[in-house]
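Given next, in structure tokens, is a single chain: the form predicted on its own.
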């Protein structure tokens, strides 16, 4: 059985370091989630927007991720 996958939603997530744990010295990372990214937007375009948003953050950027939701249907 073939299954078709259709992208229907997408989120942009920025991980920023907000500090350091005083007990362990490990970095404290927080997520900044931006929902309702156009599913058809290219990865290059989303990355460019993420870099622009990261430039406005007080805290340093650790990682940029994109999370896509797919609808699966039997073909």
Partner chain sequence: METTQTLQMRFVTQAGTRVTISLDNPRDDLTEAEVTAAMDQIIAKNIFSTSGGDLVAKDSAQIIDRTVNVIYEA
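These figures come from a predicted structure and were not determined experimentally. Positions refer to the first chain, counted from 1.
Missing here is the form predicted together with its partner chain; even so, the following discussion is about that form.
At a distance threshold of 4.5 angstroms between non-hydrogen atoms, residue 61 is out of contact with its partner chain in the predicted bound form. Among residues of the shown chain, residue 22 is not one whose heavy atoms approach its partner chain to within 4.5 Å in the predicted bound form. Although the partner is absent here, residue 41 sits close enough that one of its heavy atoms falls within 4.5 Å of its partner chain in the predicted bound form. For residue 28, no non-hydrogen atom is located within 4.5 Å of its partner chain in the predicted bound form, even though that partner is not displayed. Annotation for 30-49: interface residues with its partner chain in the predicted bound form are 32, 34, 35, 36, 37, 38, 41, 45, 46, 48, 49 [heavy atom within 4.5 Å].
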